[in-house]
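As a starting point, one isolated chain is supplied in structure tokens, in the form predicted on its own.
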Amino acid sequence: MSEVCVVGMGYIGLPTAILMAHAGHQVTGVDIDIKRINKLDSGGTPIDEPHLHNLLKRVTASGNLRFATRPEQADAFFVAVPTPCDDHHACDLNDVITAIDSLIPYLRSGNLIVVESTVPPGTCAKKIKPLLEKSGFIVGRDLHLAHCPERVLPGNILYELVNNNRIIGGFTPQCSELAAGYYLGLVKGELLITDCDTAEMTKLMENTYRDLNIALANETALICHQLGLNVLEVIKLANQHPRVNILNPGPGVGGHCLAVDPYFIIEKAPSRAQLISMARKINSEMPAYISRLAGDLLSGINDPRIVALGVTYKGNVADCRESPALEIIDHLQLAGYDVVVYDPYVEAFNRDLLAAVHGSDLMLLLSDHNDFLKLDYWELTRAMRTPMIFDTRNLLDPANFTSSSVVFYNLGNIPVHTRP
């Protein structure tokens, strides 16, 4: 087995390091955040994922995984650091560049460097290769470089890292072959061999495809609202066609991938990426649209108070990255509304819900947690001043509220008078 160094102990790097150690490699997990390293050294985990904590205990107890704040010499280096958008929606490569720079003193001939971070096409060839060659080695001859992006769903990361197909994009065929050897030991899915540039673009297109499909659903909601039609009924009937599968509309798109990756394509081809740009615009404007609808529903109520259910970008996880729920809450608070937040997955907002809804005027459902399906809405709405629910996720069954005094709205039955 080999010595492996994984840089970045976040949502991808930490599970990758754990799985590499579980496969028998001697792994050093590196992060510049000393608090994170201290937490890992004490047996804690900075991310909440099923089975992660137990597997972490096993591989650290075996001695196969340890943690440090700087890299060490190894046979293979895996870089899994964040790549957010900058203020102009371009890819911020600062963390990637810093990580690669930190490896240079430890490189030896024959080393493999794998970039797992999501990056625009051409990053490995035009940015990372020149940095690595500052060491005096030649990439493709002395050093082996590959881009191997992940395909995971938060809340199920370990399972998906093992079972999903994996793209192996090498700078040369030999680079691909060497990188594939490491993933063979932990991936049950198929290893798909290609080059660096194609792997970079493929990862971006996977998430852009999903962003476009969500944008179609959201734009359909906007159109149906303007026309006074129930978008949920329209989509349900359209999906009876054997080759149609329109998604449900919602409050926007979040997470580190879908809300970010399409911009990396736009950055590289701004004049060509017109459809991608429009989809991003539609989805990024949904939080403001939802905020306006919520405000309109409260029109005429003195000093209205809103209880927001959920701040995470998707259901059943504690992940708030790029969450449209947070943006909606910010919009409403800036507009002067009193907003109380409840989320059972986020410690800061896991409060007494009955006390939170007492005297409120709108229950605004923003995350599709399964927990919200189990709430006693009869008891909760009785405590409200104005028993009104706005379900932006199409999570709840409207039929459950037809015979009650609760006024129930979703994106299918918003009154036409609230039309923006």
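Numbers for residues come from their place in the sequence shown, where the first is 1. Just so you know, these numbers come straight off a predicted model, no measurement behind them.
Here the subject shifts to the form predicted together with a small molecule, a form of this protein not shown in this document.
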Q: Within 4.5 Å of the small molecule in the predicted bound form, counting heavy atoms only, one of 135 to 143, 221 to 229, 166 to 174, 202 to 210 shows up; tell me which.
A: 202 to 210
Q: Using heavy atoms only and a 4.5 Å cut-off, decide whether all three of 290, 304 and 343 touch the small molecule in the predicted bound form.
A: no
(Q) Taking the small molecule as it sits in the predicted bound form, is residue 234 near enough to touch it, meaning that at least one heavy atom pair lies within 4.5 angstroms? (A) no
Q. Is there a non-hydrogen atom of residue 334 within 4.5 angstroms of a non-hydrogen atom of the small molecule in the predicted bound form?
A. no
Q: Answer with yes or no whether residue 254 is in contact with the small molecule in the predicted bound form, where contact means some heavy atom within 4.5 Å.
A: yes
Q: Would you check, heavy atoms only and a 4.5 Å threshold, whether residue 100 touches the small molecule in the predicted bound form?
A: no
Q: Quick one: from 129, 268, 89, 151, grab the residue that has a heavy atom within 4.5 Å of the small molecule in the predicted bound form.
A: 151
Q.
If the cut-off is 4.5 angstroms on heavy atoms, which of these, 273, 247, 193, 162, is the one near the small molecule in the predicted bound form?
A. 247
